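The data below hold one chain only, encoded as structure tokens and taken in the form predicted alone.
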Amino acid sequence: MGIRVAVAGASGYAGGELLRLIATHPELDLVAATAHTQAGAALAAVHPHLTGLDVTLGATGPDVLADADLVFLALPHGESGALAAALPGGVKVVDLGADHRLRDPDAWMRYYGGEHAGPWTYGLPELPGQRGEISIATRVAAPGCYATAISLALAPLVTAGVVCADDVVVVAASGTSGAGRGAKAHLLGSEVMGDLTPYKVGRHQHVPEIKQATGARSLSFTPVLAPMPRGILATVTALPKSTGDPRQVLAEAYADAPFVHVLPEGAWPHTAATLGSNSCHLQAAVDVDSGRVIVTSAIDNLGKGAAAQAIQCANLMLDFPETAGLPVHGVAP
């Protein structure tokens, strides 16, 4: 018998990806999967790719989840705080939502609104010292998808003093699954296919999280909706602060990180190469005209950007090998 885990919000895209990964994890046993409007439905009716898992979705509530050793919360922003507070203190929790990521309540109010649930240990293991913090934590806030792709590209360069923290510009494209599974007219196939659309320009909610994680003091971020189901490709640019080689700084920072890969010179990240994996692919260059440092980062927004990263955190919390049950390589074609 392995560690008993439960998934709240199992009917969503991130929840479905959690269930897929848990099903093949050598140490995790699913004891509950819950939903709101889909409560009572057979799992395969909601997630046809999980046919063969004999699971019926329960109603989301602390009583259903309290028997687990660890609970994954894959709920909309603003819904995790109250549920987590109602769970017994001995139950470990990984929250995939935003409720516990930010340390600054004013930043929460500005970008999300409503009551701030308070900060938990931040669940990006590759940040300096964070792996150890996660391993002793009982409550962990998994990062946002954009925040993961951008922070992995930027944090080592700010820390090493290679780039200026005061003028960071990011343009990042995300697949439509990043917007959730709810029916929205602008996410219809006929609206998305053949189109690129910027959204939440200058006001995306991941900005304060990225600044908190990387040390950036000024960040201009333009997210773009791309006509693909999964993946994020982020291009991060910043003014140089020293003559250090940005690619070498990244390679040294992630030399022992099993899921972060700095690509060989001349190779650039592809979203398809990270599909289905918990990996992040990085490449860096210096613009020959402007002198700005450019880093491109690719992840699967449902993998390293959500469910797989949450399991990576759980592995650390439960003293399992960090890579247990997690794919390093993507799926192709």
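Residue numbers here begin at 1 and follow the sequence given. No experiment lies behind these values; they were computed from the predicted model shown.
Beyond what is shown, the protein has a form predicted in complex with a further copy of the same chain; the following relates to that form.
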Margin query: Residue-level question: is residue 247 within 4.5 Å of a further copy of the same chain in the predicted complex, judged on heavy atoms?
Written below: no
Note to self: Whether residue 128 contacts a further copy of the same chain in the predicted complex should be assessed with a 4.5 Å heavy atom distance threshold; does it?
What the structure shows: no
Check: Would residue 63 count as a contact of a further copy of the same chain in the predicted complex, using a 4.5 angstroms cut-off between non-hydrogen atoms?
Finding: no
Notebook entry, point to check: Does residue 211 make contact with a further copy of the same chain in the predicted complex, using a 4.5 Å heavy atom cut-off?
Noted result: yes
Next item on the list: Could you check which residue among 162, 253, 263, 75 gets a heavy atom within 4.5 Å of a further copy of the same chain in the predicted complex?
Entry: 263
Next item on the list: Go through 219, 137, 158, 87 and name the one with a heavy atom inside 4.5 Å of a further copy of the same chain in the predicted complex.
Entry: 219
Next item on the list: From the candidate stretches 100-108, 116-124, 225-233, 87-95, select the single one in contact with a further copy of the same chain in the predicted complex, where contact means a heavy atom within 4.5 Å.
Entry: 225-233
Next item on the list: Look at the candidate spot formed by 13, 194 and 237 and say whether a further copy of the same chain comes within 4.5 Å of a heavy atom in all three of them in the predicted complex.
Entry: yes
Check: Mind listing which residues of 45-64 have a heavy atom within 4.5 Å of a further copy of the same chain in the predicted complex?
Finding: 48, 49, 50, 51, 52, 53
